[in-house]
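Here you get one chain, nothing else, as structure tokens; it is the form predicted alone.
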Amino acid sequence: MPPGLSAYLIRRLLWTIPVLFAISFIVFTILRLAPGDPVDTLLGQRYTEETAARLRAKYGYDRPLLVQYGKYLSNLMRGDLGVSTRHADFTVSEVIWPKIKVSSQLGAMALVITFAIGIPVGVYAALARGTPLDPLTIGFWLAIDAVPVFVAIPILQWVLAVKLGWVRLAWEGVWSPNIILPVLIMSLPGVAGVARFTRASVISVMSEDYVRTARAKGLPERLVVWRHIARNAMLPLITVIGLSLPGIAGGALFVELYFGIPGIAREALEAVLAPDFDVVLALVLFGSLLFVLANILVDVSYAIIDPRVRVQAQRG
């Protein structure tokens, strides 16, 4: 790691502690003060005041808010995220981690495909600027992006599974051939955004002096594009890639619902509707931690790649 960057990284990591503390307190307070009670949902038609009081005492909902929060923090420091009232007192870790693993694997594959297609498409569109190929290329991917997911999924299921029989709709695990269709539905709509961002970045780099100098020296156009244009145009994409990483573990609600995928997006929706306090709070904290770490990763990547950022970090 470059000199001076270690201290910068430590400062950023230490800042995550008060940030997560503030987020946890705000979300905890909102959940406890909002209308709705997990005990009411849990009992349903079997609700009686005596049973409800016993369950509230069991889960600690009858204590003052600050006492509940202090108990939650104490458990959190020991790695205890609480229990799920919807899953027969299974721990939150037992409920969410297997589903986060499934969603993360799907999201990672979708993200790789999105950028693997979007970056070359954006570079091609930028190089074709001023020709009909530029708007046609971007317009094609924008048309795909414009189709709502809940419209595209039934159509593709009917065509590819029912009519052609290329895939089966039954969930058979992340690494089964049937996963191709959900991954494509998750990845292809995002190609347009990546392509447009890459196109704008490449166009801005093409006007730089070092690009004109490289061409004036007689370098082949292929080398000018990949060594001087594409490489420098990729720097702004670090931010896009970094901030896309937390979304990997977030799942895709419609995809999980239509394909019966046991992912975290469906679990999060059900936990919010229940409500299941500890599951919701754990998911919010996990998402916040991912977002903070993604920002730190982006900053460190810039500092490693760009010497000017590294010098500013050392001075800080």
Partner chain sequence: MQDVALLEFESVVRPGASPWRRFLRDLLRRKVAVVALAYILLFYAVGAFAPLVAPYDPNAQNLSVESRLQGPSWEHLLGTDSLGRDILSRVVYAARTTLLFTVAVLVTGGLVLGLGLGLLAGYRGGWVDTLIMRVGEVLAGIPTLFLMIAIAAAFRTRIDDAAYWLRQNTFLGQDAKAFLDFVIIVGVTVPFAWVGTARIVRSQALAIREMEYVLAAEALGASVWRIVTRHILPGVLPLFLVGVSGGMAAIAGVEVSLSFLGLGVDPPTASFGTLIGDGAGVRTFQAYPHLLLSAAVPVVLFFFAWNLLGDALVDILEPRMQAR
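Numbering follows the first chain given and starts at 1. Bear in mind that the values here come from a model prediction, so they are computed numbers and not experimental data. Only the largest set of C-alpha atoms that superpose within 1.5 Å between the two forms is called the rigid core.
The same protein also exists as the form predicted together with its partner chain; that form is not shown, yet it is the one meant from here on.
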Review point. Of these, I155, L223, M77, L164, which has a heavy atom no more than 4.5 Å from its partner chain in the predicted complex?
Key: I155
Practice item. Select from the listed residues A116, L73, V151, A216 the one whose heavy atoms reach within 4.5 Å of its partner chain in the predicted complex. Key: V151
Review point. Using a 4.5 Å heavy atom cut-off, which stretch among 193-201, 174-182, 230-238, 107-115 contacts its partner chain in the predicted complex?
Key: 193-201
Check your understanding: Taking heavy atoms only, is F259 within 4.5 angstroms of its partner chain in the predicted complex?
Key -> no
Practice item. Decide whether R168 counts as a contact residue for its partner chain in the predicted complex under a heavy atom distance cut-off of 4.5 Å. Key: no
Check your understanding: Does its partner chain come within 4.5 Å of any heavy atom of F291 in the predicted complex?
Key -> yes
Check your understanding: Does F254 make contact with its partner chain in the predicted complex, using a 4.5 Å heavy atom cut-off?
Key -> yes
Check your understanding: Can you name the residues of 265-279 that have a non-hydrogen atom within 4.5 angstroms of its partner chain in the predicted complex?
Key -> A265, A268, L269, V272, L273
Exercise for review: Align both forms on the core first, then report whether P148 has a C-alpha shift of 2 Å or more between the shown form and the other one.
Suggested key: yes
**Study point:** After fitting the core, K71 CA displacement of 2 Å or more between the shown form and the other one
**Key:** no
Exercise for review: Would you tell me if V162 moves between the shown form and the other one by 2 Å or more at its C-alpha, with the rigid core held superposed?
Suggested key: yes
Practice item. Based on a C-alpha change of 3 angstroms or more, tell me if R78 and G250 lie closer or farther in the predicted complex than in the shown form. Key: farther
